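Considered here are two forms of the same protein chain, supplied as structure tokens in two stand-alone entries, structure 1 and structure 2.
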Structure 1
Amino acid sequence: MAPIGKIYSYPNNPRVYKALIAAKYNGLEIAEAKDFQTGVTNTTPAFLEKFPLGKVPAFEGADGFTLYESNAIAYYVASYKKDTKLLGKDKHEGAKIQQYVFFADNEISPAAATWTFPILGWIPFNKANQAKAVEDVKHVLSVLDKILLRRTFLVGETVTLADIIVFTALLNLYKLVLEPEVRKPYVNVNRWFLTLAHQPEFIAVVGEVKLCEKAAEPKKPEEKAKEEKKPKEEKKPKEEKKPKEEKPKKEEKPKPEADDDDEDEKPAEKKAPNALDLLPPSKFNLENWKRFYSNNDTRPTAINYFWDNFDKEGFSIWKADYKYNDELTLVFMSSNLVGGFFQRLEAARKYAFGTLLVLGENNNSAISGYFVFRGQEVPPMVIDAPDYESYDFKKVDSDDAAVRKDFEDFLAWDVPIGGKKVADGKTFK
């Protein structure tokens, strides 16, 4: 039969599986949108006209009907067949199915993402968030385990959209982190999950599901490294507390290590002048540069401005290269990594400018760029960012002609760099 429509997405997106499995149960065909390129196709005006969020999956029916949000697409496909069993037999079952759709999105997916995305290299690892996510997942599994004690499927006596959607929400957990010891207590969930995984309609879409044997590790345990190396006095200032007796004077110099074992007694560290603010004044004004760069053509105007005003005594230029390029996948995910890094550099905004580019293409890319820092060292607020450990920072010689040319290319984004085209980029300013 002719496909009822096509879905735009990158390959193997579990959100797409929901509609594809539903289609198998209903005997329907859905095509894959040909030549879809993440970060390219979904940013074109034609795509955004139909799917304004620019996100995938996105569905376009053979009749011109358009739809985004994977649960809505799965629902549409499930409802496409009149006598489908996927939506329950009455309004109670229908409502229960909705309950599980929201349950999957609100109770499972956020925790599953926090646990598995750092493993997939999509977001940076954060120890505290991960610990919380593990607990949340275990809680959800124990809830499901009770529900499934006397049930083969979540709603009614046959597979419904509830099973399909909860299954896909759990899929990466079962594949990546729920190693035997961890999943052992949830016998009923395991049985239910494997029952679904062995249904021909699931196999046709998901393939053979290999359950996790040993939990995959997050790729970059930056947080741990950061905690180990962070010197005591660099601890983030606690919420400002009024000292019990006398307020310290504004100008008072910070005491080096005194009173260390009673932090509550410390005058607020926030008052300490930042070492970077005590550097001799510089003729190069970073704020002016950022504004000039934003408002003028990069070549030659902004670049000439930079070299005319740059002060190598008061500032330094650093090359930054991502350490784990071989683990990068889709360009938009790499851009998200850079965006996240920049967000966590907020405290350094006054002292830093940066340009980081994603070079190459999907599944063959590198993140690289330059920073301009106040002073001759990497500012402590940059070192404090969890992502700092994921980059090699090397100070460069701003008088070297080759360095200057490379730096200019990273400012301009208009020529391939190291043989790789500029796929995307972000500026920290």
Structure 2
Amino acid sequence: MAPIGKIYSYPNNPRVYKALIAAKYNGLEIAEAKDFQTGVTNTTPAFLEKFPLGKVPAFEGADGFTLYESNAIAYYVASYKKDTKLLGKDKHEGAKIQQYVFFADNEISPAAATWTFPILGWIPFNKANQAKAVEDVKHVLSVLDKILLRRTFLVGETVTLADIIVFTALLNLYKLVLEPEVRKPYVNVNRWFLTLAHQPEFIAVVGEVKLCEKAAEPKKPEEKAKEEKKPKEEKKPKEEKKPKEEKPKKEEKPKPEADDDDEDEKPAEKKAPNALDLLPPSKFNLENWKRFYSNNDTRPTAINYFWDNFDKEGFSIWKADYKYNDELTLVFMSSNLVGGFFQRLEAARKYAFGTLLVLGENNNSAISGYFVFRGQEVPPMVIDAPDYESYDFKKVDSDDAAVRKDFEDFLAWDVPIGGKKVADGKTFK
């Protein structure tokens, strides 16, 4: 039969697999656009006229219908057949399927990306970020293992879009990092995953899935090595600290070193948060601002509210620029990088608001934005985040007209910034 449309994307994109597997179950054909070049094809006027964000995957139907966002494309393909079983048999199952669609995007994909993208060479490796991602993945697998204890499939008695989307979200984990000892505890998830992997419709798209035997390592471990080595050098070679202690008290090397370490570290952890809570009351309520920003038009309503209420004595504004823009590749990967940073700022949520944008296009982009912090310095909880060293934070003058305009543009996301279009972004609130 003739294809119902074609998909634009780079090769072997798991996001594309969602729609292609759904098509196999519905007996449909979807063509993959030939000669597609990331950063070239999707920047042409003809492509952007159909898909304004320039993102992939993007779908163009044989009837001229256009669609982007992988889950939307997968849903469209799943619903294309009138009597499909992919969307559940009733509204309850349909809602459950949507639950797992969001579950995959919010709980699996960010952690999977943080763990596997450095291996694929798509983002720099960061040891602390990876450690957090590993724990997040294990937690998700534990949840799924309980769900699948007495179930063959996630929803109903047959394969649905829920299974397809969660499977594709886990695919690179099973192929690259979930070595036998790591995946061993998740018996039910493993059974479910292999059941799907052996279905003809999955094989036709994904091919034979070879499970990981030994976890792959990042392709470029040197990237950001300085960030990873510094804490190690400070903790392990205690000889570096001993000479400082030996001069005044040679006989008490071990005890003063431990005592001094405690004295140096504990105030830094306990004092800073208390200092923010003990600042004089401010007329600017950060939580009220976050709600107002979320529920009102940015221009002019939210922006006017901000400047009418902002207290420059109790709060400060900081510009944040990513240091390694030359390493950024695809826009969605850069967006995932920002999302991971925000996830690790949870401890600072009470004291911070921020917006970081991905400006430009695939293979030619930059991450930049602004933060509003309680007090006049960057909060310790932000400094403690592993990603902090990847950004240049500079305090700005909120009375400067140019700064105000730039800050407003970053809040609104509605105009090019620094000559680059807003490709994507996230808000920390």
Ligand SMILES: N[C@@H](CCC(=O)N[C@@H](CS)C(=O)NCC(=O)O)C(=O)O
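Note that the structure is predicted; figures quoted are calculated from it, not measured. Rigid core here is just the name for the largest C-alpha set that superposes within 1.5 Å across the two forms. Numbering for residues begins at 1 and runs along the sequence of structure 1.
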Practice task
Please let me know, 1 or 2, which structure is the form predicted alone?
Solution key: 2
Practice task
Using a rigid core alignment, state whether the CA of residue 121 is displaced by 2 Å or more between the two structures.
Solution key: no
Problem - Flag for residue 403, CA shift 2 Å or larger between the two structures after aligning core - result: yes
Practice task
Would you say whether residue 168 is displaced between the two structures, judging by a C-alpha shift of 2 Å or more on the superposed rigid core?
Solution key: no
Problem - residue 302 CA shift between the two structures in angstrom, with the core used for superposition - result: 41.3
